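Here you'll find one protein chain in two forms, each presented separately as C-alpha coordinates under the names structure 1 and structure 2.
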Structure 1
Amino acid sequence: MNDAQDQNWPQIRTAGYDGFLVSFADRLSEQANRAALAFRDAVEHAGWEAVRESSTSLVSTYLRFDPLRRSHAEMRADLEALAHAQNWFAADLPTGRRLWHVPTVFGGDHGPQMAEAASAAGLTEAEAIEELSRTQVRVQTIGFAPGMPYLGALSEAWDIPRLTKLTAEVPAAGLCVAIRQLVLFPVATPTGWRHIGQTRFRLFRPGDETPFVLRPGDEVLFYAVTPEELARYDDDPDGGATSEVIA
(Lines of atoms letter the chains of each structure in order from A and count residues from 1; the text may use other names and numbers.)
(Lines give C-alpha, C1' and ligand atoms only; values in the text may rest on other atoms or scores of the structure.)
Protein backbone atom coordinates (compact mmCIF):
# COMPACT_ATOMS: atom_id res chain seq x y z
CA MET A 1 0.00 0.00 0.00
CA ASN A 2 1.21 3.51 -0.70
CA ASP A 3 1.20 6.44 1.72
CA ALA A 4 -2.01 7.89 0.29
CA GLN A 5 -3.91 4.67 0.97
CA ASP A 6 -2.45 4.45 4.48
CA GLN A 7 -3.88 7.90 5.25
CA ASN A 8 -7.45 6.88 4.39
CA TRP A 9 -7.67 8.50 0.99
CA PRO A 10 -9.67 9.41 -1.05
CA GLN A 11 -11.41 12.24 0.76
CA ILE A 12 -14.58 13.89 -0.53
CA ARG A 13 -15.14 17.55 0.31
CA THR A 14 -17.80 20.09 -0.54
CA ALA A 15 -16.67 22.78 -2.99
CA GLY A 16 -19.30 25.49 -2.87
CA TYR A 17 -23.05 25.00 -3.27
CA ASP A 18 -22.84 22.82 -6.37
CA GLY A 19 -19.43 21.18 -6.33
CA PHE A 20 -17.35 18.39 -4.83
CA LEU A 21 -13.62 17.80 -4.64
CA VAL A 22 -12.41 14.21 -4.45
CA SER A 23 -8.77 14.19 -3.31
CA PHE A 24 -6.38 11.24 -3.34
CA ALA A 25 -3.46 12.73 -1.41
CA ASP A 26 -2.21 15.96 0.13
CA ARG A 27 0.93 15.99 -2.03
CA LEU A 28 1.84 15.01 -5.55
CA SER A 29 2.80 11.42 -6.35
CA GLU A 30 2.49 9.29 -9.46
CA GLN A 31 -0.19 7.13 -7.81
CA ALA A 32 -2.28 10.07 -6.62
CA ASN A 33 -2.15 11.77 -10.01
CA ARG A 34 -3.07 8.49 -11.70
CA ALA A 35 -6.01 8.09 -9.30
CA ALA A 36 -7.32 11.60 -9.98
CA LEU A 37 -7.14 11.12 -13.75
CA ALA A 38 -8.78 7.69 -13.62
CA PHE A 39 -11.52 8.82 -11.26
CA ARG A 40 -12.40 11.83 -13.40
CA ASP A 41 -12.61 9.52 -16.42
CA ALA A 42 -14.96 7.24 -14.48
CA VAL A 43 -17.16 10.21 -13.55
CA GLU A 44 -17.36 11.22 -17.21
CA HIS A 45 -18.36 7.68 -18.22
CA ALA A 46 -20.85 7.19 -15.37
CA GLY A 47 -23.53 9.09 -17.31
CA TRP A 48 -24.75 11.04 -14.28
CA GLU A 49 -27.29 13.47 -15.68
CA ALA A 50 -26.74 16.00 -12.91
CA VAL A 51 -23.00 16.46 -13.58
CA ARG A 52 -22.30 19.67 -15.48
CA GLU A 53 -18.51 19.61 -15.66
CA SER A 54 -15.46 17.90 -14.23
CA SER A 55 -11.72 18.53 -14.15
CA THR A 56 -8.57 17.40 -12.39
CA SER A 57 -5.80 19.07 -10.44
CA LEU A 58 -2.55 17.33 -9.55
CA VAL A 59 -4.15 14.95 -7.02
CA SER A 60 -7.89 15.70 -7.07
CA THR A 61 -11.00 15.45 -9.23
CA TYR A 62 -13.51 18.30 -9.18
CA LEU A 63 -17.08 18.10 -10.38
CA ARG A 64 -19.91 20.61 -10.57
CA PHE A 65 -23.49 19.36 -10.56
CA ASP A 66 -27.05 20.65 -10.90
CA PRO A 67 -28.71 20.54 -7.42
CA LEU A 68 -32.14 20.70 -9.08
CA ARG A 69 -31.49 17.33 -10.72
CA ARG A 70 -29.64 15.63 -7.89
CA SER A 71 -29.58 16.64 -4.24
CA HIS A 72 -26.33 17.35 -2.47
CA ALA A 73 -26.72 14.22 -0.32
CA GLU A 74 -27.53 12.03 -3.33
CA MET A 75 -24.56 13.33 -5.31
CA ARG A 76 -22.24 12.73 -2.39
CA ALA A 77 -23.58 9.19 -2.01
CA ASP A 78 -22.90 8.55 -5.71
CA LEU A 79 -19.34 9.79 -5.29
CA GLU A 80 -18.79 7.73 -2.13
CA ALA A 81 -19.91 4.58 -3.95
CA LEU A 82 -17.67 5.29 -6.93
CA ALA A 83 -14.70 6.23 -4.75
CA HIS A 84 -14.85 2.84 -3.02
CA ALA A 85 -15.60 0.82 -6.16
CA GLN A 86 -11.94 0.02 -6.81
CA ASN A 87 -8.35 0.86 -5.93
CA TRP A 88 -7.97 4.09 -7.89
CA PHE A 89 -4.24 4.28 -7.11
CA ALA A 90 -3.69 1.23 -9.32
CA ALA A 91 -6.35 2.08 -11.91
CA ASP A 92 -5.62 2.22 -15.63
CA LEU A 93 -5.11 5.68 -17.05
CA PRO A 94 -7.84 6.99 -19.39
CA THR A 95 -7.90 5.84 -23.00
CA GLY A 96 -7.36 8.22 -25.91
CA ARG A 97 -4.15 9.65 -24.48
CA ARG A 98 -1.43 10.83 -26.85
CA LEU A 99 2.36 10.91 -26.79
CA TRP A 100 3.77 14.16 -28.17
CA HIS A 101 7.31 14.50 -29.52
CA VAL A 102 8.29 18.18 -29.23
CA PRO A 103 11.50 19.61 -30.76
CA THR A 104 13.27 21.73 -28.18
CA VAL A 105 16.40 23.85 -28.01
CA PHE A 106 17.99 23.48 -24.57
CA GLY A 107 20.38 26.03 -23.09
CA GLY A 108 22.08 29.04 -24.65
CA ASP A 109 19.91 32.02 -25.52
CA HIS A 110 16.92 29.70 -25.81
CA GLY A 111 17.33 28.36 -22.26
CA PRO A 112 19.39 30.90 -20.34
CA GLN A 113 18.98 29.17 -16.95
CA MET A 114 19.82 25.65 -18.15
CA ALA A 115 23.33 25.62 -16.69
CA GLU A 116 22.07 26.91 -13.34
CA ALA A 117 19.30 24.29 -13.23
CA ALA A 118 21.72 21.50 -14.16
CA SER A 119 24.11 22.55 -11.40
CA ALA A 120 21.26 22.55 -8.86
CA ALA A 121 20.44 19.00 -9.98
CA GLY A 122 24.07 17.92 -9.56
CA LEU A 123 24.59 17.41 -13.29
CA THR A 124 26.67 18.93 -16.03
CA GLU A 125 24.70 20.84 -18.62
CA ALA A 126 25.33 18.12 -21.20
CA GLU A 127 24.18 15.41 -18.76
CA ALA A 128 21.06 17.40 -17.91
CA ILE A 129 20.10 17.92 -21.55
CA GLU A 130 20.68 14.25 -22.34
CA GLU A 131 18.48 13.12 -19.41
CA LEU A 132 15.67 15.56 -20.16
CA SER A 133 15.69 14.64 -23.86
CA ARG A 134 14.97 10.98 -23.09
CA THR A 135 12.50 11.43 -20.21
CA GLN A 136 8.86 10.94 -21.13
CA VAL A 137 6.66 13.05 -18.83
CA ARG A 138 2.93 12.98 -18.16
CA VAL A 139 0.61 15.97 -18.36
CA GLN A 140 -0.39 15.87 -14.70
CA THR A 141 -2.78 18.80 -14.90
CA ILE A 142 -3.58 21.95 -16.89
CA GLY A 143 -3.56 25.23 -15.03
CA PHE A 144 -2.23 28.70 -14.18
CA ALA A 145 -2.47 29.93 -17.79
CA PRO A 146 -4.77 28.74 -20.61
CA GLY A 147 -3.66 25.30 -21.77
CA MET A 148 -0.49 25.29 -19.65
CA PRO A 149 0.67 21.78 -18.64
CA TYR A 150 2.44 20.69 -15.51
CA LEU A 151 4.57 17.73 -16.59
CA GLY A 152 6.33 15.08 -14.56
CA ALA A 153 7.71 13.44 -12.76
CA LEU A 154 11.41 13.94 -13.38
CA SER A 155 14.06 12.00 -11.45
CA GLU A 156 14.77 12.93 -7.85
CA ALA A 157 17.83 14.91 -8.96
CA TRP A 158 15.41 17.50 -10.32
CA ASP A 159 13.75 18.17 -6.97
CA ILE A 160 15.14 21.69 -7.13
CA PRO A 161 13.35 24.72 -5.70
CA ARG A 162 11.85 27.62 -7.56
CA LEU A 163 13.87 30.81 -7.80
CA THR A 164 13.62 33.29 -4.94
CA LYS A 165 13.18 36.14 -7.43
CA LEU A 166 10.97 36.20 -10.51
CA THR A 167 12.39 36.12 -14.00
CA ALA A 168 10.76 39.12 -15.68
CA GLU A 169 9.52 37.18 -18.70
CA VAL A 170 9.77 33.75 -20.24
CA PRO A 171 8.57 33.78 -23.87
CA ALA A 172 5.61 31.78 -25.11
CA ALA A 173 6.48 28.09 -25.63
CA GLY A 174 9.34 28.39 -23.15
CA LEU A 175 10.20 25.27 -21.14
CA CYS A 176 10.95 25.67 -17.44
CA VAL A 177 11.84 23.35 -14.55
CA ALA A 178 11.44 23.07 -10.76
CA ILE A 179 10.31 20.56 -8.09
CA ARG A 180 10.67 17.50 -10.38
CA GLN A 181 8.32 19.04 -12.95
CA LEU A 182 8.47 20.79 -16.29
CA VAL A 183 6.08 23.54 -17.34
CA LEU A 184 5.58 24.81 -20.87
CA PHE A 185 4.22 28.33 -21.08
CA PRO A 186 1.44 29.12 -23.59
CA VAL A 187 2.02 32.87 -23.31
CA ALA A 188 4.91 35.10 -22.28
CA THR A 189 4.89 35.44 -18.50
CA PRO A 190 7.07 36.17 -15.47
CA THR A 191 7.99 33.08 -13.47
CA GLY A 192 10.05 31.69 -10.62
CA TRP A 193 10.77 28.49 -12.57
CA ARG A 194 14.13 28.22 -14.36
CA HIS A 195 13.94 28.75 -18.13
CA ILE A 196 15.87 25.84 -19.66
CA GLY A 197 14.63 25.54 -23.23
CA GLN A 198 12.47 26.83 -26.03
CA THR A 199 9.93 25.23 -28.35
CA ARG A 200 7.56 26.57 -31.00
CA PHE A 201 4.60 24.52 -29.73
CA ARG A 202 1.49 26.73 -29.56
CA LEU A 203 -0.51 25.28 -26.65
CA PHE A 204 -3.48 27.68 -26.58
CA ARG A 205 -5.47 28.16 -29.80
CA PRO A 206 -8.62 30.12 -28.95
CA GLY A 207 -9.93 29.99 -32.51
CA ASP A 208 -9.88 26.20 -32.71
CA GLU A 209 -12.68 23.82 -31.77
CA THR A 210 -10.29 22.35 -29.18
CA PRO A 211 -8.37 25.38 -27.85
CA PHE A 212 -6.15 23.40 -25.45
CA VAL A 213 -3.84 21.06 -27.38
CA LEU A 214 -2.60 18.96 -24.47
CA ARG A 215 -4.90 17.06 -22.12
CA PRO A 216 -4.27 15.64 -18.65
CA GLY A 217 -2.89 12.14 -19.06
CA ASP A 218 -1.10 12.88 -22.35
CA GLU A 219 2.65 12.32 -22.36
CA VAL A 220 5.40 14.48 -23.83
CA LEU A 221 8.98 13.91 -24.90
CA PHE A 222 11.04 17.08 -25.42
CA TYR A 223 13.87 16.10 -27.73
CA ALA A 224 16.90 18.27 -28.40
CA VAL A 225 17.35 20.08 -31.72
CA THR A 226 19.58 22.93 -32.88
CA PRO A 227 18.37 26.54 -33.08
CA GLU A 228 18.50 26.26 -36.87
CA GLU A 229 16.25 23.21 -36.83
CA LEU A 230 13.77 24.89 -34.49
CA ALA A 231 13.61 27.98 -36.72
CA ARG A 232 12.09 25.83 -39.48
CA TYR A 233 8.92 25.57 -37.40
CA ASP A 234 8.36 29.28 -36.75
CA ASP A 235 5.16 29.28 -38.85
CA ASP A 236 3.93 25.87 -37.71
CA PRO A 237 1.37 25.99 -34.84
CA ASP A 238 2.61 22.58 -33.71
CA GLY A 239 6.20 23.79 -33.77
CA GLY A 240 7.24 20.57 -35.46
CA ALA A 241 5.61 18.45 -32.77
CA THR A 242 4.10 15.12 -33.76
CA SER A 243 1.82 12.82 -31.79
CA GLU A 244 0.56 9.29 -31.63
CA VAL A 245 -2.16 7.56 -29.64
CA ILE A 246 -0.67 5.53 -26.78
CA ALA A 247 -3.87 4.27 -25.11
Structure 2
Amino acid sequence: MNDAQDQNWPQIRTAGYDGFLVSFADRLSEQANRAALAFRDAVEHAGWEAVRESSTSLVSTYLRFDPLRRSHAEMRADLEALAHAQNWFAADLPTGRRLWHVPTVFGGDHGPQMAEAASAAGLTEAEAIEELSRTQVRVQTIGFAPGMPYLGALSEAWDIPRLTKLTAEVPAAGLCVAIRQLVLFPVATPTGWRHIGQTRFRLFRPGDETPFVLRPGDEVLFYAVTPEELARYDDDPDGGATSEVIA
Protein backbone atom coordinates (compact mmCIF):
# COMPACT_ATOMS: atom_id res chain seq x y z
CA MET A 1 0.00 0.00 0.00
CA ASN A 2 2.19 2.94 1.00
CA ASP A 3 5.53 3.96 2.38
CA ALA A 4 4.14 4.01 5.90
CA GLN A 5 4.37 0.23 5.89
CA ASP A 6 8.05 -0.01 5.12
CA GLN A 7 10.40 -1.30 7.77
CA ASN A 8 11.14 2.17 9.14
CA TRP A 9 7.82 2.15 10.98
CA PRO A 10 6.83 2.11 13.73
CA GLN A 11 9.44 4.38 15.29
CA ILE A 12 9.95 4.36 19.05
CA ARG A 13 11.16 7.53 20.75
CA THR A 14 11.25 8.76 24.31
CA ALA A 15 8.86 11.59 25.19
CA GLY A 16 10.10 13.55 28.17
CA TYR A 17 11.58 11.83 31.22
CA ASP A 18 8.91 9.19 31.70
CA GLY A 19 7.28 8.56 28.33
CA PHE A 20 7.61 6.69 25.07
CA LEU A 21 6.00 7.52 21.77
CA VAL A 22 5.42 4.80 19.19
CA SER A 23 4.78 6.48 15.83
CA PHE A 24 3.40 4.76 12.75
CA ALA A 25 4.02 7.54 10.21
CA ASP A 26 5.22 11.12 9.99
CA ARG A 27 2.05 12.32 8.32
CA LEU A 28 -1.59 11.50 8.77
CA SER A 29 -2.91 8.41 7.03
CA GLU A 30 -5.86 6.24 7.87
CA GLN A 31 -3.68 3.14 8.23
CA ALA A 32 -1.32 4.86 10.66
CA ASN A 33 -4.27 6.22 12.64
CA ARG A 34 -5.81 2.74 12.94
CA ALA A 35 -2.42 1.27 13.84
CA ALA A 36 -1.95 3.79 16.67
CA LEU A 37 -5.42 3.06 18.11
CA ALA A 38 -4.90 -0.72 17.94
CA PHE A 39 -1.41 -0.51 19.43
CA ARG A 40 -2.67 1.54 22.37
CA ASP A 41 -5.38 -1.04 22.94
CA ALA A 42 -2.67 -3.72 23.03
CA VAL A 43 -0.58 -1.68 25.48
CA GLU A 44 -3.62 -1.35 27.77
CA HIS A 45 -4.25 -5.08 27.60
CA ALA A 46 -0.59 -6.01 28.15
CA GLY A 47 -0.99 -5.03 31.82
CA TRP A 48 2.61 -3.83 32.14
CA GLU A 49 3.17 -2.96 35.76
CA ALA A 50 5.29 0.15 35.24
CA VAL A 51 2.86 1.78 32.80
CA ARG A 52 0.84 4.64 34.30
CA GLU A 53 -1.31 5.70 31.36
CA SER A 54 -1.49 5.69 27.59
CA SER A 55 -3.14 7.68 24.83
CA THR A 56 -3.11 8.14 21.09
CA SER A 57 -2.43 11.14 18.92
CA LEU A 58 -3.12 11.15 15.17
CA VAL A 59 -0.52 8.54 14.20
CA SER A 60 1.17 7.59 17.48
CA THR A 61 0.62 5.77 20.74
CA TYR A 62 2.01 7.45 23.87
CA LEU A 63 2.66 5.77 27.17
CA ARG A 64 3.80 7.15 30.49
CA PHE A 65 5.64 4.81 32.83
CA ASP A 66 7.70 4.81 35.99
CA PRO A 67 11.39 4.67 35.02
CA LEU A 68 12.25 3.81 38.63
CA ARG A 69 10.31 0.55 38.26
CA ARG A 70 11.37 -0.37 34.74
CA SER A 71 14.36 1.10 32.93
CA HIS A 72 14.07 2.95 29.65
CA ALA A 73 15.96 0.07 27.96
CA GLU A 74 13.56 -2.54 29.33
CA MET A 75 10.48 -0.50 28.44
CA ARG A 76 11.81 0.07 24.93
CA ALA A 77 12.42 -3.67 24.53
CA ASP A 78 8.84 -4.41 25.64
CA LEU A 79 7.52 -1.92 23.08
CA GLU A 80 9.73 -3.27 20.30
CA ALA A 81 8.53 -6.80 20.93
CA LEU A 82 4.91 -5.67 20.85
CA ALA A 83 5.52 -3.55 17.76
CA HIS A 84 6.77 -6.61 15.89
CA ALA A 85 4.09 -8.96 17.19
CA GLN A 86 1.74 -8.19 14.32
CA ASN A 87 1.15 -5.91 11.35
CA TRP A 88 -0.48 -2.97 13.14
CA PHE A 89 -1.30 -1.22 9.87
CA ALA A 90 -3.75 -4.03 9.11
CA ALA A 91 -5.58 -3.62 12.43
CA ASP A 92 -9.33 -3.05 12.49
CA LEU A 93 -10.95 0.08 13.86
CA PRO A 94 -12.15 -0.11 17.48
CA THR A 95 -15.51 -1.81 18.11
CA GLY A 96 -18.55 -0.10 19.63
CA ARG A 97 -18.15 2.88 17.33
CA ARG A 98 -21.06 5.29 16.93
CA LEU A 99 -22.29 7.58 14.17
CA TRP A 100 -23.36 10.99 15.46
CA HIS A 101 -25.68 13.35 13.57
CA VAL A 102 -24.92 16.85 14.83
CA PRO A 103 -27.13 19.85 13.92
CA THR A 104 -24.88 22.68 12.75
CA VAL A 105 -25.39 26.23 11.55
CA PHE A 106 -22.81 26.99 8.87
CA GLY A 107 -21.69 30.50 7.94
CA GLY A 108 -23.12 33.87 8.93
CA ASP A 109 -22.64 34.96 12.52
CA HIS A 110 -22.42 31.31 13.51
CA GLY A 111 -19.43 30.66 11.25
CA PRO A 112 -17.89 34.02 10.38
CA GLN A 113 -14.94 32.53 8.46
CA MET A 114 -17.03 30.20 6.28
CA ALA A 115 -16.85 32.38 3.16
CA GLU A 116 -13.11 32.78 3.50
CA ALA A 117 -12.61 29.04 4.07
CA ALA A 118 -14.78 28.14 1.08
CA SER A 119 -12.83 30.51 -1.10
CA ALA A 120 -9.52 28.98 0.08
CA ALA A 121 -10.96 25.59 -0.87
CA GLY A 122 -11.94 26.91 -4.33
CA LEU A 123 -15.68 26.56 -3.67
CA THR A 124 -18.64 28.90 -3.39
CA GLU A 125 -20.02 29.17 0.11
CA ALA A 126 -23.15 27.24 -0.90
CA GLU A 127 -21.06 24.45 -2.46
CA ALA A 128 -18.85 24.26 0.61
CA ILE A 129 -21.80 24.00 3.01
CA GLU A 130 -23.49 21.43 0.81
CA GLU A 131 -20.33 19.28 0.72
CA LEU A 132 -19.55 19.52 4.45
CA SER A 133 -23.16 18.79 5.30
CA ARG A 134 -23.05 15.38 3.60
CA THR A 135 -19.48 14.34 4.47
CA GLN A 136 -19.23 11.76 7.21
CA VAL A 137 -15.97 12.36 9.08
CA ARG A 138 -14.21 10.11 11.58
CA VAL A 139 -12.79 11.01 15.00
CA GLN A 140 -9.06 10.51 14.37
CA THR A 141 -7.99 11.49 17.83
CA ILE A 142 -9.21 13.24 20.95
CA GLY A 143 -6.77 15.81 22.25
CA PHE A 144 -5.62 19.34 22.97
CA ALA A 145 -8.61 20.07 25.23
CA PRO A 146 -10.94 17.68 27.10
CA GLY A 147 -13.13 15.68 24.73
CA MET A 148 -11.99 17.66 21.69
CA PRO A 149 -12.09 15.67 18.44
CA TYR A 150 -9.93 15.99 15.35
CA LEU A 151 -12.12 14.74 12.49
CA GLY A 152 -11.36 13.79 8.92
CA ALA A 153 -10.58 13.38 6.27
CA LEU A 154 -12.23 16.03 4.13
CA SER A 155 -11.65 16.08 0.37
CA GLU A 156 -8.36 17.38 -1.06
CA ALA A 157 -9.93 20.77 -1.70
CA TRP A 158 -9.94 21.36 2.06
CA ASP A 159 -6.16 21.09 2.40
CA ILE A 160 -6.07 24.72 3.49
CA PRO A 161 -3.50 26.00 6.00
CA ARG A 162 -4.22 27.25 9.48
CA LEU A 163 -4.17 31.04 9.85
CA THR A 164 -0.94 32.50 11.15
CA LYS A 165 -2.89 35.15 13.03
CA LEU A 166 -5.03 33.64 15.76
CA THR A 167 -8.74 34.33 16.04
CA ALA A 168 -9.15 35.70 19.57
CA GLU A 169 -12.01 33.43 20.55
CA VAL A 170 -14.08 30.73 18.95
CA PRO A 171 -17.06 29.90 21.19
CA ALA A 172 -17.55 26.52 22.83
CA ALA A 173 -18.98 23.93 20.39
CA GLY A 174 -17.68 25.98 17.45
CA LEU A 175 -16.77 24.00 14.31
CA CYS A 176 -13.47 24.92 12.62
CA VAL A 177 -11.57 23.73 9.57
CA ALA A 178 -8.00 23.42 8.26
CA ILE A 179 -5.70 20.83 6.61
CA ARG A 180 -8.53 18.46 5.59
CA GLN A 181 -9.71 18.25 9.20
CA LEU A 182 -12.52 19.58 11.31
CA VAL A 183 -12.19 20.37 15.00
CA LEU A 184 -14.96 21.06 17.47
CA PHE A 185 -13.97 23.03 20.56
CA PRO A 186 -15.22 21.94 24.01
CA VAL A 187 -14.52 25.37 25.53
CA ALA A 188 -14.10 28.83 24.05
CA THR A 189 -10.56 29.11 22.75
CA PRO A 190 -8.24 31.22 20.59
CA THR A 191 -7.26 29.35 17.41
CA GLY A 192 -5.72 29.54 13.97
CA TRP A 193 -8.40 27.22 12.57
CA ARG A 194 -11.17 28.95 10.58
CA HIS A 195 -14.50 29.14 12.37
CA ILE A 196 -17.13 27.91 9.88
CA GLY A 197 -20.06 26.75 11.96
CA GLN A 198 -21.67 26.43 15.34
CA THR A 199 -23.22 23.51 17.19
CA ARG A 200 -24.62 23.12 20.71
CA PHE A 201 -22.87 19.77 21.27
CA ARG A 202 -21.23 19.61 24.71
CA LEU A 203 -18.12 17.48 24.33
CA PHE A 204 -17.01 17.47 27.97
CA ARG A 205 -19.44 16.92 30.85
CA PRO A 206 -17.34 16.61 33.99
CA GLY A 207 -20.27 15.77 36.29
CA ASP A 208 -21.79 13.09 34.04
CA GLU A 209 -21.47 9.34 34.01
CA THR A 210 -20.01 9.69 30.50
CA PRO A 211 -17.89 12.82 30.81
CA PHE A 212 -16.31 12.45 27.37
CA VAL A 213 -18.88 11.94 24.64
CA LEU A 214 -16.88 11.15 21.51
CA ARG A 215 -14.30 8.36 21.14
CA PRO A 216 -11.64 7.78 18.52
CA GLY A 217 -13.18 5.86 15.62
CA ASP A 218 -16.65 7.41 16.04
CA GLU A 219 -18.09 9.03 12.91
CA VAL A 220 -19.84 12.39 12.76
CA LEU A 221 -22.13 14.06 10.25
CA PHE A 222 -22.47 17.81 10.76
CA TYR A 223 -25.75 18.57 8.98
CA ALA A 224 -26.95 22.07 8.20
CA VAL A 225 -29.83 23.56 10.18
CA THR A 226 -31.17 27.10 10.56
CA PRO A 227 -30.18 29.32 13.51
CA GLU A 228 -33.81 29.05 14.71
CA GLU A 229 -33.62 25.26 14.81
CA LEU A 230 -30.29 25.28 16.62
CA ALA A 231 -31.68 27.68 19.22
CA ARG A 232 -34.19 25.01 20.19
CA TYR A 233 -31.32 22.87 21.50
CA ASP A 234 -29.82 25.51 23.80
CA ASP A 235 -30.67 23.52 26.92
CA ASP A 236 -29.88 20.08 25.50
CA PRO A 237 -26.32 18.93 26.31
CA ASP A 238 -26.40 16.89 23.09
CA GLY A 239 -27.41 20.03 21.18
CA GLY A 240 -29.98 17.98 19.24
CA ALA A 241 -27.40 15.37 18.22
CA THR A 242 -28.47 11.74 17.87
CA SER A 243 -26.32 8.65 17.59
CA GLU A 244 -26.42 5.00 16.59
CA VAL A 245 -23.92 2.17 16.94
CA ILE A 246 -22.33 1.34 13.59
CA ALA A 247 -19.67 -1.25 14.44
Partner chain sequence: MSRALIVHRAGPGVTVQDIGRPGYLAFGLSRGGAADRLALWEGAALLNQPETCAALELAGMGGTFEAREDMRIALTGAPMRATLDGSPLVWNASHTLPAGSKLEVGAAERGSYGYLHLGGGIATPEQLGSRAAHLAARIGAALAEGTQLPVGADTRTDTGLTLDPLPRFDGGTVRLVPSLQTDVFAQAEITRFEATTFRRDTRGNRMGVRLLPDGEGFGTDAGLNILSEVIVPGDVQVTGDGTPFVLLSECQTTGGYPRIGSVLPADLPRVAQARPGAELCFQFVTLDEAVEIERREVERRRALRKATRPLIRDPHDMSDLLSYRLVDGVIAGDEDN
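Superpose the two forms; the largest set of C-alphas matching within 1.5 Å is the rigid core. Residue numbering: structure 1 sequence, from 1. The model shown is predicted, which means the values in this text are computed figures rather than measured ones.
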{"query": "Identity of the form predicted in complex with the partner chain, given as 1 or 2", "finding": "2"}
{"query": "Rigid-body rotation between the two structures - hinge position, chosen from 49, 204, 91, 181", "finding": "91"}
{"query": "Interdomain rotation angle between the two structures - two rigid parts, degrees", "finding": "16"}
{"query": "Shift in Å of the C-alpha at residue 68 between the two structures after core superposition", "finding": "9.1"}
{"query": "Rigid-core-superposed Cα shift at residue 38 between the two structures, Å", "finding": "2.8"}
